[in-house]
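Take a look at this single chain, the form predicted alone, given in structure tokens.
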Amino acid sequence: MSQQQHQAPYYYVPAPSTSMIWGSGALLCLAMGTIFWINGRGAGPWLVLAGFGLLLVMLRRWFGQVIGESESGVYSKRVDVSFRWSMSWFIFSEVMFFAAFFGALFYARVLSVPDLATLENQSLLWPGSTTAWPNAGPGFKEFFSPMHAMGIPAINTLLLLTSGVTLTWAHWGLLENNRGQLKMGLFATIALGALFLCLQAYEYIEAYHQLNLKLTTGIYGSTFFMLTGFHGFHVTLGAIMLTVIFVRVLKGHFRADHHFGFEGVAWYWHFVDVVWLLLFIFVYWL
């Protein structure tokens, strides 16, 4: 692609696409399949499977089209700016998503549980209550062991912090046209993310079978698994996106002056790192 192409003054508008129809069909199958599955209908699992299949087809077609457009040189600086704003607003929506769950944790720890433990509420609502955290809340008599910061959570913190460093190192390699450094940094980041997910899965198994800590263990179990579970889901998405970027790098995509596809995924991964630091502090440590 020539420099003149890259600096084109126009704003590229793609042709009408059928990808949204595929996506709508996938979401319809997923929703109906989930409803049927919950209600014990035999077609439920097959509809869910079909929905995931349609979704993968849609993503392959849609992302493949965007990658082809990017590599063909039809995206101007204006398109690049719009991509950056779009990714910024998407990450902001993710910030607000996690803010809601952190807000629920704050409300339970600082307001709800202490209020239920007051003398006037103990006899009616929560006999034998305590303001100590972690706490399952009223109505939960089963014993459980809370999660601690040392051990797997501390190791996972080190892994994610290191992955942020390796991703930044890969970005430096891209800016300096050092493709070897770019590939090694990306591979290391993906490997660290995969190791993080394996350790989190082991932590969940230990929580369920040894600590008796479950999603249904009152407010503590609910907030713990919702926050860490959704974060793990975001790490999974980030690892998948990094893998796609890695495959594109192997094919020779991205240049030092034109690589927002790489930058957008890097922004997302650094956001996931910051969320984990907050989780480690407010969920595991304090």
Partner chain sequence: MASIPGHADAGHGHEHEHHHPTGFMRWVTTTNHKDIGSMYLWFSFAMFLVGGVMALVIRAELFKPGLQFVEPEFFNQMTTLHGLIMVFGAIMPAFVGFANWQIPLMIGASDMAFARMNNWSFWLLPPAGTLLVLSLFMPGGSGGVGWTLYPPLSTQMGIGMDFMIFAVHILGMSSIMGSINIVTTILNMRAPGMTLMKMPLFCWTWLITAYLVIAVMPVLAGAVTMILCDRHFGTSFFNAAGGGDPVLYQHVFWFFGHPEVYIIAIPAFGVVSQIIPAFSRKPLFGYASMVYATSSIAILSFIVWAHHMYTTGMPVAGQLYFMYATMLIAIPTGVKVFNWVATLYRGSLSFEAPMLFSLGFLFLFTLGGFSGLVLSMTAVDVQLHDTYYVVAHFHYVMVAGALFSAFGGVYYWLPKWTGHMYDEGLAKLHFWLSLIFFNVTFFVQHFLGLAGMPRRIPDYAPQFAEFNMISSIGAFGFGLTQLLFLYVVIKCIKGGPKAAAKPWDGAEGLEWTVPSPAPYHTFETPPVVK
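What you are looking at is a predicted structure, and each value in this text was computed from that prediction instead of being measured. Residue numbers count along the first chain shown, from 1.
What follows is about the form predicted together with its partner chain, which we do not show.
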- Message: So, a 4.5 angstroms cut-off on heavy atom distances: do all three of I35, I38 and A104 pass it with respect to its partner chain in the predicted complex?
- Response: yes
- Query: Hey, in the predicted complex, is L242 touching its partner chain, heavy atoms inside 4.5 Å?
  - Reply: no
- Please check if A201 has a heavy atom lying within 4.5 Å of any heavy atom of its partner chain in the predicted complex. no
- Indicate whether its partner chain has at least one heavy atom within 4.5 Å of a heavy atom of N212 in the predicted complex. no
- Message: Is it the case that P138, even though its partner is missing from this view, gets within 4.5 Å of its partner chain in the predicted complex, heavy atoms only?
- Response: yes
- its partner chain isn't shown here, but in the predicted complex which of A207, L116, L174, L192 has a heavy atom within 4.5 Å of it? L116
- Of the residues F90, F144, F187, W169, which one places a heavy atom within 4.5 Å of its partner chain in the predicted complex? F90
- Using a 4.5 Å heavy atom cut-off, which stretch among 44 to 52, 250 to 258, 234 to 242, 217 to 225 contacts its partner chain in the predicted complex? 217 to 225
- Quick one: which residues from 14 to 39 get a non-hydrogen atom within 4.5 Å of its partner chain in the predicted complex? P14, A15, P16, S17, T18, M20, I21, G23, S24, L27, L28, A31, M32, T34, I35, F36, I38, N39
